[in-house]
Ligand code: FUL
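Only one chain comes next, encoded as structure tokens, the form predicted on its own.
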Amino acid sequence: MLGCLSGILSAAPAPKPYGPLPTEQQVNWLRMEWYAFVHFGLNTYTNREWGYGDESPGLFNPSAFDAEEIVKTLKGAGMSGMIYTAKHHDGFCTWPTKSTEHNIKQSPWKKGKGDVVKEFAVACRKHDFAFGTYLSPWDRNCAEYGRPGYLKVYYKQIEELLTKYGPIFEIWFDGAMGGDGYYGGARQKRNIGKADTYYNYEQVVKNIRRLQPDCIIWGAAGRGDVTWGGSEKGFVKYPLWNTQGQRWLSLEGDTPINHRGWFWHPGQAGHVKSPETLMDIYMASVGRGANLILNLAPNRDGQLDAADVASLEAFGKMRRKLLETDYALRARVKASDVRGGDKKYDGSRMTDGDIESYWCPEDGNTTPSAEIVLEKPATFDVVRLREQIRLGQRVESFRVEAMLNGEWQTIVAPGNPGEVETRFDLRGGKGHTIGNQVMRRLREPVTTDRLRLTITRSRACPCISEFSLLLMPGAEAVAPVAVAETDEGVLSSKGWTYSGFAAEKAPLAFDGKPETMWQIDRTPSHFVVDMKKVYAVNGFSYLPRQDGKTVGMTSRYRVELSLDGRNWQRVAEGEFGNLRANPVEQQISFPGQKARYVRFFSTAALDGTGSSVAEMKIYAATR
């Protein structure tokens, strides 16, 4: 009895929490790591990314939609859940809502009795797969949008989604804040000012907490649990701090698996991101402490694109291979300092396979070190670390050394204050923050049985729950992904001539080089292409500037065709949506028409005056 009391009295107290702490829901969410976005709605049938709001619900009629098959595909690749776009900016609701008539009841699918949200929710529950939903705050169809009356509509939609379909693990509100739209036939441009004020996100969050307390809230003007990672290319900046004032705010990287965009588009098969690119995206999001939401879009039949699925499954295999062997598991660890000398906090807690246990030194010691001795020499090229985030995020920088040729050599150098990694600077990265987790990929594989971890800066005594060594699988681990050739019908620009504004630069839009472009400091503006022969033209594609700048990105366009260069007929007009966040190629189709001349108008552009086209393709019927 006395011995038991002595053990209790000698146990070291846990360190006090530091800074903002994650909720239990945020901890569970971060451990999901990656899940799917599924964009499927009227835009699927109009070849748009952002619908205008005047699209007919009669277009929505998938002939082979199978929610269970999609869920099984996503889960089979290793994903932990999915978020479905129940309503995008066009305002079309894919469930039988009572908030608006612009919904699936007006479609021919299942004779107006269908409910896509329900089918996905049921399939997810059946396969133990988390289900979430996206509900655009912007509604280009609703006549009340931009006025107080819209809030009643929007709040009703939130309530329906959170009360009729079971547990929702995450609800997604994006940052679209109004602009031009149909608005019940008004066809106006409506601005709402500050989104937080107009949507009253403080009340929105209260409503969600009341209806589903465990639901993670994305966005909501920073009032939610998770925020945007900063791009639609999937990466987040590193170092990454999960703090916003006195709140813990996690980050999410988001990107579509296909370069064509978030919704399905004709001819996209040849534009799928490769498994190797998906791994880079994973390392630049999950590997920097955030989560990853990867979009797959069903086609007009309601089925996932075969090329997208092939790449997803191959990446899933790569990821499983990467994570299946931790060469540091059960390694012996000798730490420079252990809190109170208590085994509960000794260095072996980093290699015991328990994500909740952790190594921790005494209070005030912010630069401890630990030597890790493997059971046998191992070859690895990824170092993964985790903090016990239930006690807050603490570490600012760290170093990892390996014993090579009888001496310690640095394989992960400590990061310096002010350094920032962006995009996919993935090999040989430095050790900055740890947080939920960080994976640092080495420049080349290392073979050793001894390593040393040193925390070089920390805001409080560090609490390290995991030190892992992984090996990135090579190309042999991935089956080749066959994709269809998608440029059938693209006309060769050889011999073409140009006129109009900045005509001398127009060839740069057809040279196959995204880094060059037709550009002029004027909006509206246009150029004319003389193809020298008559073709049955049936579409074109537009690639916005790819230099990281947005000034002069053509946001609205008009295309006219002519046989003689004098008499013109308008064949396409509209907008290129979401350019600022996702500047990808956009393809526009229209009924084939004979023409020798094509006139492209840039009628509006981002960020003031100016117009530009990085690349353009003109399509014609080949049969």
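For clarity, every value in this text was computed on a predicted model and none was experimentally measured. Numbering starts at 1 and runs along the sequence shown.
The form predicted in complex with this ligand is left out here; the points below concern that form.
In the predicted complex, residue 47 stays away from this ligand, with no heavy atom inside 4.5 Å. Residue 558 falls outside the set of residues with a heavy atom inside 4.5 Å of this ligand in the predicted complex.
With a 4.5 Å cutoff on heavy atoms, residue 176 counts as touching this ligand in the predicted complex. Within this chain, residue 37 lines the site of this ligand in the predicted complex, having a heavy atom no more than 4.5 Å away. With the partner removed from view, the residue among 346, 421, 280, 232 that has a non-hydrogen atom within 4.5 Å of this ligand in the predicted complex turns out to be 232. Contact with this ligand in the predicted complex, judged by any heavy atom within 4.5 Å, is made by just one of 440, 394, 545, 89: 89.
Remark: of stretches 266-274, 382-390, 368-376, 167-175, the one touching this ligand in the predicted complex is 167-175 (heavy atom within 4.5 Å). Contacts with this ligand in the predicted complex, taken as any heavy atom within 4.5 Å, map to no residue of 594-611.
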